[in-house]
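The chain below stands alone, shown as structure tokens; this is the form predicted on its own.
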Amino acid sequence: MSADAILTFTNVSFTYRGDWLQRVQALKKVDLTVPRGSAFGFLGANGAGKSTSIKLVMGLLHGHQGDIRMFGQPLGDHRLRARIGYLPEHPYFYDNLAVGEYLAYMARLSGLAPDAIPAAIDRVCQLLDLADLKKRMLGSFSKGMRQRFGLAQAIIHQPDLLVLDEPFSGLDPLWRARFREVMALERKRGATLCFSTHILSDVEDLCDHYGVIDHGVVLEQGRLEDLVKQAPLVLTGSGPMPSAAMGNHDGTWRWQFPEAEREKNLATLPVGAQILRLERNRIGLEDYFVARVKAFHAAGKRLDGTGAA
């Protein structure tokens, strides 16, 4: 395991028994690296294998093949759990406990010293607007309120690794923005973020690394910056037009080419050509994701059954 990695999967496969006791292969020889200090977006459609991967990391599923390591150590050392904050996709809380009571309980489980717990509770309640709800029972909470509490209990002990499974589920736009702010603060504090989602704008806003999984297979992973650089450059100019350019209605012209051809094309501009703008076409991550998994996922097939949409 690289010293720069906080979580790694090496050749990991996992199967379980589905309907009629049939074996379902949820993960297929997964290799995945979450760099230390990164914000890692784990992308995939419903059923792609995101939650299965996370549950293996958290020790909620067992029986995988291959090697999973956290902080350089193999799974199984329970002391490592104190360094992790976790929010499941479908969290379950004891409904008969109040917010403050439950947060104190989770803080003790995470190894916080008793005299540090009140300040920790105040901190997360302020971040997630729970201060006026400390005495309220969790059983009365809506879906969005439970998500807020779920993030609060995940960060109360200021973990080194924050693992969130679909953290924006059930949130309105205002709370989605607040969650992004809190997650950014956790990363600024020094935590590594790893969260699964199929909402691509959240990855664009928060992440510097990403991985794409579909049907249990990791299709690709890497730096988001490198993915963005795959988008072509667009040069807008006036005057003599290169042969490969296209004219605009206002008399200017537009020339699109890959990053690798930048120096050559700029050096061979016609004499008298004026550069007005040179900018990169923005990759729409959602469009990229759909195109990337279409060949693997049933959602990419036409409804008439004639092939790709």
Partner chain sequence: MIGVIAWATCREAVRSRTFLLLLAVYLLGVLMSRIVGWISATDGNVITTDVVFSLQSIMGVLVAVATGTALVHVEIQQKTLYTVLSRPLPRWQFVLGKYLGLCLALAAGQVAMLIIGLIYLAATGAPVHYWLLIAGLLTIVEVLVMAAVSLCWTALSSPLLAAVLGLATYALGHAVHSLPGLVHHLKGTQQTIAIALASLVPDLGQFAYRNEAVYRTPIALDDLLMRLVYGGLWCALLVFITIAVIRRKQL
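Just so we're clear, the structure is a prediction, and the values are computed from it rather than from any experiment. Positions refer to the first chain, counted from 1.
Keep in mind the form predicted in complex with its partner chain is missing from the figure; the text below concerns it.
Shown here without its partner, the chain carries Phe141, Trp175 and Val182, none of which come within 4.5 Å of its partner chain in the predicted complex through any heavy atom.
In the predicted complex, its partner chain sits beyond 4.5 Å of every heavy atom of Gln230. Contact annotation for Lys55: at least one heavy atom lies within 4.5 Å of its partner chain in the predicted complex. Taking the partner from elsewhere, Gly59 is found to have a heavy atom lying within 4.5 Å of its partner chain in the predicted complex.
Taking non-hydrogen atoms only, Arg81 approaches its partner chain to within 4.5 angstroms in the predicted complex. Between 182-190, 218-226, 124-132, 88-96, the stretch whose residues reach within 4.5 angstroms of its partner chain in the predicted complex through a non-hydrogen atom is 88-96. Comment: its partner chain is not present in this chain, but in the predicted complex one of Asp160, Asp208, Asp205, Glu101 has a heavy atom within 4.5 Å of it, namely Glu101. Exactly one listed residue, out of Met137, Val234, Ile199, Leu171, brings a non-hydrogen atom to within 4.5 Å of its partner chain in the predicted complex: Met137.
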